[in-house]
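Take a look at this one chain, the form predicted on its own, written out in structure tokens.
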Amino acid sequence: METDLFIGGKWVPAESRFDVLDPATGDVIASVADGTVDNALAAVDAAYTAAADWASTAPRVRSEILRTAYGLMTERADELAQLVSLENGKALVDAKGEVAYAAEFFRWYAEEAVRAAGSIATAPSGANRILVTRQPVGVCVLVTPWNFPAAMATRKIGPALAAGCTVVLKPASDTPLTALAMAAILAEAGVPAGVVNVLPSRSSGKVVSAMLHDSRVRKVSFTGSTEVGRILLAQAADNVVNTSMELGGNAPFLVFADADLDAAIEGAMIAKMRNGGEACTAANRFYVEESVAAEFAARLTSRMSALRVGPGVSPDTQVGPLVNEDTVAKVDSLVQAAVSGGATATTGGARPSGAGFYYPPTVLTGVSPSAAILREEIFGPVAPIVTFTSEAEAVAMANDTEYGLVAYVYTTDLARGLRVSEAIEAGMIGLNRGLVSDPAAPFGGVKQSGIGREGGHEGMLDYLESKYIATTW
């Protein structure tokens, strides 16, 4: 297992190192090189040096390299899943799902690499031809979170490489080992030196700021909190750096009285408990029509209380620990505040004693519409339920947030489902589905949930600039 920085195709030591912890025990898993500003600028230099050759590399060659990386990830899926589970804490079944999902971004963008089509048209005046070509934006800084350490890396690296860009990946310091494993796989797949660089660092703000203020960097793609996204947007403005932001979420899950409750419960378990609730797409607020609320709450409580909690790497575990102490403390604080405000925990609701960063699957009923737990991303296995009596009320509550990433709607009335989907202010809607993520679909939000899209054809366009050439032949 490599634990140094990956710069210019080489493993490079750093002046200092930091520990990576196992969330199940709090024990040290590994010591990883702690990148500095100088290391970050060296990574930018390596990416810039490699940029011209990679941009001129035939799309088919870039495609085949990404397809090879997909194959290597697939061959080593079990090994990678163990690593993800070990440093992230997620249940092994979730980690295996993530690795499969992550690999698909390499396969999808292997196919997209040969489809960066331009266009040709005659100007309306007839005076000239309008040629539009697409060129790689240049050196990209990619900043990824801890909750999906494999998938968030491949979702950015895949389209960047397909487009002909070179990258510096700054992974979350809680989960750097998976990113370093990705670097090794890409090098083995044939990615030239300097095209992909990986820089773990505890000094995230300093190293990312230094890179954004280097004139050779032309794009930043960030997945993380809205608070940090605002800071990066401000810094990117100094050099007018191209930005893609996948920020916070506060997903509403709407259940109408005519919904198929069996399907709604299954969807709720996926939307809420995927990755133990540590996902920006996680259902954060459950709005259930009053006439079916009691039955929905009872059935959800039964399912949530039956989940097996334990170390992520254990094959029997369904819910692993949260990633760190700060996260579990925040979740518990939100739950206790909701209970103090009149909510009832029908299962869970209290942090267990003992080692590890665990929190039990929790269902809250009678939650006040003004509760903080409905305003903030929970990022944990907690489902707060609020009732509504009309479609208009449900839509108003769903939209009562600064976020707009994803929403879930359950109804057997297709006209209502489409009407509500259009009325909800979100970039993605799961209509009678608890899962929306797909490498072939554009992933992203509106309002303060972000800028741009990842995945699908749109995902590669975010790494390309359109160049217009006017010619009379």
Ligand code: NAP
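What you see is a predicted model, and the numbers here were worked out from it, not measured in a lab. The first residue of the shown sequence is 1; numbering continues from there.
Omitted from view is the form predicted in complex with the named molecule, to which the following refers.
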Taking the named molecule in the model of the complex, would P171, V208 and L247 all count as contacting it (heavy atom within 4.5 Å)?
yes
Given that the named molecule is not shown alongside this chain, does T223 nevertheless sit within 4.5 Å of it in the model of the complex, heavy atom to heavy atom?
yes
Quick check on C140: any heavy atom within 4.5 Å of the named molecule in the model of the complex?
no
Wondering, does E377 line up within 4.5 Å of the named molecule in the model of the complex on heavy atoms?
yes
With the cut-off set at 4.5 Å between non-hydrogen atoms, does A40 touch the named molecule in the model of the complex?
no
Counting only non-hydrogen atoms, choose the one of 171-179, 265-273, 382-390, 158-166 that falls within 4.5 Å of the named molecule in the model of the complex.
171-179
Can you pick the one in A337, I231, A396, A100 that has a heavy atom within 4.5 Å of the named molecule in the model of the complex?
I231
Since exactly one of V255, A283, M152, V196 fits, which has a heavy atom within 4.5 Å of the named molecule in the model of the complex?
M152
Stretch 409-444 - residues with a heavy atom within 4.5 Å of the named molecule in the model of the complex
F443
